[in-house]
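First, one chain by itself in structure tokens, the form predicted on its own.
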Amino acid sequence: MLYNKTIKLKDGRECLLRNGTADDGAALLEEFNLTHEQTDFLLTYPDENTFTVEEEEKYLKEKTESDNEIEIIAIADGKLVGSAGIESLGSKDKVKHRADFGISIDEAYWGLGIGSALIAGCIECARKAGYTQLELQAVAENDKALNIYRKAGFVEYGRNPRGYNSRYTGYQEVVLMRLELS
């Protein structure tokens, strides 16, 4: 799936949002490890990442060629500073209408509008792919993320009080959210 849009950040700089390609594999892997080190609100820790650059390149190539999945990257100041994507929950009739959403942004670029733009891009792509429901999970303590998701139209449909088990803080409550696209 293809996507390409330039946005103006809150501080006036430009940011390119586009689908990641195989050429972005090394940069995306670096961004993944950085962002997963910066916050305890994401699913994994950098040392749990077993992807190689080659595997990341293959992943991005598959997303580019997909009709219903995408990984959108954010380029600002000449470097990859964030990414977001949609992934199918499966091809079976009972779940093919649903996609999972995930996002991460370099902490140095928080609060500039990149998150909202990446979310909007993924929603646009999810609609284009024919999904009628987009889903995500967020740590309940992550107020900034929950607010931006609500602003985009996501609604809470449940909570798991022991959704994550943080190395640093113990159990974290996870909020389940969904957005109806039809």
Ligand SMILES: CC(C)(COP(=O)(O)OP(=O)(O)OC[C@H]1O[C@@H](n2cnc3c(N)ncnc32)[C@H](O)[C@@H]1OP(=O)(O)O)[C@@H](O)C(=O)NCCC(=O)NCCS
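The shown structure was predicted, so the numbers you read here are calculated from the model rather than taken from an experiment. When you see a residue number, it is the position in the sequence shown, counting from 1.
Only in words, not in the display: the form predicted together with the ligand, which the text now covers.
Visitor: My question is simply whether residue 44 lines the interface with the ligand in the model of the complex - judged by any non-hydrogen atom within 4.5 Å.
Guide: Taking the distances in the model of the complex, the answer for residue 44 is no, it never comes within 4.5 Å of the ligand.
Visitor: Using 4.5 Å between non-hydrogen atoms, is residue 148 touching the ligand in the model of the complex?
Guide: Residue 148: contacts the ligand in the model of the complex.
Visitor: Contact with the ligand in the model of the complex for residue 90, defined as at least one heavy atom pair within 4.5 Å: yes or no?
Guide: Answer no; every heavy atom of residue 90 is more than 4.5 Å from the ligand in the model of the complex.
Visitor: I'd like to know whether residue 66 contacts the ligand in the model of the complex, with contact meaning heavy atoms within 4.5 angstroms.
Guide: Looking in the model of the complex, residue contacts with the ligand do not include residue 66, since no heavy atom lies within 4.5 Å.
Visitor: Thinking of the ligand in the model of the complex, which stretch from 120-128, 152-160, 55-63, 135-143 has heavy atoms inside 4.5 Å of it?
Guide: Stretch 135-143 is the one.
Visitor: Scan 94-127 and write down, in order along the chain, each residue with a heavy atom lying within 4.5 Å of the ligand in the model of the complex.
Guide: Result: 103, 104, 105, 109, 110, 111, 112, 113, 114, 115, 116.
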